[in-house]
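So this one's two forms of a single chain, laid out as structure tokens and tagged structure 1 and structure 2.
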Structure 1
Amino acid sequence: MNEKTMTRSQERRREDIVRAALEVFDRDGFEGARIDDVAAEAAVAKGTVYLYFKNKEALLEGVIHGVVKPAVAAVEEAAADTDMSAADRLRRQIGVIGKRLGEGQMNVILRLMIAEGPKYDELRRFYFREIVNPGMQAIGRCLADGEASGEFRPGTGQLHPQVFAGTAIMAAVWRILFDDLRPLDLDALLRDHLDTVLDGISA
């Protein structure tokens, strides 16, 4: 079903199915999840799920779009806000990544991609194309802009964006595995990381 031509009622039904799918994927994993269980969770007929998503892979792609894509859009918006300094734009971007990855729904997606991504190459490529690559490009734009304006040292535009996003991703993995043993102060971690890195690249 084409999202652009859906009625509001159909949009709500699709959102219900996406929410249900996230619950089922979280509970059973992607491989163990069944369309029947998603339909039951969403309180719709199995055939209704197939009206919106042709298969389970497309359903997970829909979940990723609904849960993760808004965070990518926020990172891209920060890159485009040239009224701010490059450093402040980077702080906003990493804050978005860190906060969103720490949320329950994003954590579910991250766990699914780590656990199931290597088994499903198309899903892995979809996630890279739709989520990872645009986010890294947006961070790279801020680095290049900061170098061009003289705010950052020469060569900063060639740095790997992962240097900036890596701590937020590590924090998300920590929350999945170790938060019950030693909770993270996410704000302090991201602040310490950015202060250290930005100090190193400032002109």
Structure 2
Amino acid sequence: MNEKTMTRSQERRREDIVRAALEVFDRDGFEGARIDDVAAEAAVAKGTVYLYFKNKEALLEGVIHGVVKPAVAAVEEAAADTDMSAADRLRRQIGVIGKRLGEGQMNVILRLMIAEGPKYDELRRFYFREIVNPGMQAIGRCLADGEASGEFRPGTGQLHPQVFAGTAIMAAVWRILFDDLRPLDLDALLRDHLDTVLDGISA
């Protein structure tokens, strides 16, 4: 099945399988997931999965790419908005990252990456290159711009961007592990975080 020559209905089928795989991976983890279940969830025969993905690892890639690619667009779009103040840009940037990670699909991707990434080098590189690095750089630019404009105090541009993204990661991990034990108010958390760190860097 050539990816370039897929018909409309084939593309839909491929998406069905990716969607099903995401769901099953979320429920059972990657190793624990059975292709049988993915197929059933996608309402296709087991063999059909292998028409679209050459093996289970390719399916994992498909799932991760499927979620990461649109997210890249969102991060880029947030970064492109350069009219606002540095603080507002930072708020927006962190907000986008936090929302994606704290809820929905990117949450599952993070879990898959942490669980399976160490075994699949190319996947780790892809994830770093496409989304993590650009995200860190976007934050870094906000910091540098804010310092340059005098909005943030001197030295802010040198801070690790991870300081500003950490809470979003924490929220994601919390959601994966403890959401039923102690639910987290994502918006309030991100607000606390931003208020605190922005106060910490404001001139």
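Computed from a predicted model, the values in this text were never measured in an experiment. Residue numbering: structure 1 sequence, from 1. For clarity, a rigid core is taken as the largest C-alpha set superposing within 1.5 Å between two forms.
Chemist: Go through 1 and 2 and tell me the one that is the form predicted together with a further copy of the same chain.
Modeler: Form predicted together with a further copy of the same chain: structure 2.
Chemist: Determine, after fitting the two forms on their core, whether T48 shows a C-alpha shift of 2 Å or more between structures 1 and 2.
Modeler: Yes, its C-alpha moves 2 Å or more.
Chemist: For a quick test of reading the superposition: does R34 move by 2 Å or more at the CA between structures 1 and 2, rigid core aligned?
Modeler: Yes; that C-alpha moves by at least 2 Å between structures 1 and 2.
Chemist: Aligning on the core only, does the CA of H193 end up 2 angstroms or more away between structures 1 and 2?
Modeler: Not so; H193 is displaced by less than 2 Å.
Chemist: Report, to one decimal in Å, how far the Cα of V75 moves between structures 1 and 2 once the rigid core is superposed.
Modeler: The alpha-carbon displacement, core-superposed, is 2.9 Å.
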